[in-house]
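Let's start with one chain on its own, the form predicted alone, as structure tokens.
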């Protein structure tokens, strides 16, 4: 399955705000399909954001996070043109990553 991460970052007043939309089914394992069978669990376990290669946020997620999650956070520092990276690993061992530049 192809996973997409849309990421945007802006700096203002010495703080960088990062927004990311992560395409992922985030199936909890408690929902049934149309035929009545349980959909197996498939969710992101760890998501990590970096600024110029330095970790600024690590999130430990589970099946309670919604499909295609959106995350927004801020950190002190950063300047226009710096690199912001995001990567995740799910409970199936699948991974995805993306990078963007701070505006």
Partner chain sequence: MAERNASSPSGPRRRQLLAAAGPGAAALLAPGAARAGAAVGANASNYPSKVFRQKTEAAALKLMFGKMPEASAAAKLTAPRIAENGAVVPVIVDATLPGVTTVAIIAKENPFAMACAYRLPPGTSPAISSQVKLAKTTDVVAVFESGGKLFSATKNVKVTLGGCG
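The structure presented is a predicted model; accordingly, all values stated were derived computationally and were not measured. Residue numbers count along the first chain shown, from 1.
This next part talks about the form predicted in complex with the partner chain, which is not shown.
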| property | result |
| --- | --- |
| Contact flag, residue 37 vs the partner chain in the model of the complex, heavy atom cut 4.5 Å | no |
| Distance check, residue 95 to the partner chain in the model of the complex, heavy atom within 4.5 Å | yes |
| 4.5 angstroms heavy atom contact with the partner chain in the model of the complex for residue 11 | no |
| Exercise: residue 76 in contact with the partner chain in the model of the complex, heavy atom 4.5 Å | yes |
| Residues from 3 to 21 in contact with the partner chain (non-hydrogen atom within 4.5 Å) in the model of the complex | 3, 4, 5, 6, 7, 8 |
